[in-house]
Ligand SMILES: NC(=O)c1ccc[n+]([C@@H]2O[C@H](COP(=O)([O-])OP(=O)(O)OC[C@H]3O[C@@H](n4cnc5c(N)ncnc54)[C@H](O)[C@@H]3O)[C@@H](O)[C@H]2O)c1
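For reference, the chain that follows is the form predicted alone, supplied as structure tokens.
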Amino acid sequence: MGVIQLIVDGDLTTVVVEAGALSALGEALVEHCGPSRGRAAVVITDETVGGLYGAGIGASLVGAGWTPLSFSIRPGEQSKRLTTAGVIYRFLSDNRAGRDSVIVALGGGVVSDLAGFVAATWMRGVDFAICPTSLESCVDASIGGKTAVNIPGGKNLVGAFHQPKLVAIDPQVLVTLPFRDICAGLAESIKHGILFSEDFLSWHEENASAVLSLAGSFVGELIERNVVFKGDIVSGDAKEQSGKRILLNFGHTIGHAIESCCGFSLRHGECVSLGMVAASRLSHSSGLLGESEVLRVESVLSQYDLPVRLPEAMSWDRIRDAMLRDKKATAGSPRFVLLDGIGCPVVRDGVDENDVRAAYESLI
């Protein structure tokens, strides 16, 4: 376990992967955000995570000279919306949180997306730190500075890029996760292997039992390798302008549509898993990916108890409408990341709708 430093869009993000990182948060914020001097450190969390770790973090902040404030949301994707952000703005105003405040996200991807959006917009931007408590956030959502809220028209359609100063990852917190959430969190890690490293994909295949049991050395390696993979991509394309960062959306075009249409009853990682299967099928029908490689993608996802078929069918018309609302759509058409082999992602616009429909319906 160690320290990884990333330069993204000219900003330095320090990622600390270390047992006990939460209990040392107060001093870490001083190191990476400047002297405390009674400055407000506003912890945004959810009711479940706050009950587990809020008191310990509060004590760490007080010990390092910060003035701690805390705001809890209801757990779940439904809290990631503009109305919730508005309530947080009111809380910040009532507590006179100034431009020298630091926003701390304590939770999973929903919390870090929402808290990051608030940090990016409160007084035109204040310092931001993330303490991820879900596996998905450790390996993906906490890296790269994407922040957002959902609106009725779609997921993550309102947002901003705002890089955290610090990401403090304490792998010990993962032991409180339900098994389903551990599996869902691994979808993004498997995605990185499929996209960029056949060796990392093989590592997942060979070590499934140890990874799922959160064995210490394996979970540390898992997190650090993912931070490096994603950090390398976002450092070179912070705002998805060169096309490199968009490769990370493999599985997300159909996956996000499924997530919205099911009312977020499936975990994000579960929807990404389904989206990766559909994208692999679409890659095959486009003449890019062999059948054996499609089956390999399905097999490794199944090893981690991730879905490769929809538990309940949703109409194509609803899925199509959700994809057309996707923020990455161009000229009214969804954009897809496909595979020209394991480790060889390609971006395709103007994919035939009949092929997309067939790929989606292969999940039913």
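All residue numbers are counted from 1 along the displayed sequence. Remember, predicted model here, so these are calculated numbers, not experimental data.
We do not show the form predicted together with the ligand, though everything after this point is about it.
Not one of V8, R81 and V118 places a heavy atom within 4.5 Å of the ligand in the predicted bound form. For S134, a non-hydrogen atom is located within 4.5 Å of the ligand in the predicted bound form, even though that partner is not displayed. Shown alone here, Y53 lies within 4.5 Å of the ligand in the predicted bound form, counting heavy atoms only. For A257, no non-hydrogen atom is located within 4.5 Å of the ligand in the predicted bound form, even though that partner is not displayed. In the predicted bound form, the ligand sits beyond 4.5 Å of every heavy atom of L214. This chain lacks the partner; the member of V227, L166, A97, A141 within 4.5 angstroms of the ligand in the predicted bound form by a non-hydrogen atom is A141.
Contact with the ligand in the predicted bound form, judged by any heavy atom within 4.5 Å, is made by just one of V49, M323, I44, A28: V49.
Heavy atoms within 4.5 Å of the ligand in the predicted bound form belong, among the stretches 89-97, 215-223, 278-286, 181-189, to residues of 181-189. Contacts between 155-179 and the ligand, taken as any heavy atom within 4.5 Å in the predicted bound form, involve K155, N156, V173, T176, L177, P178.
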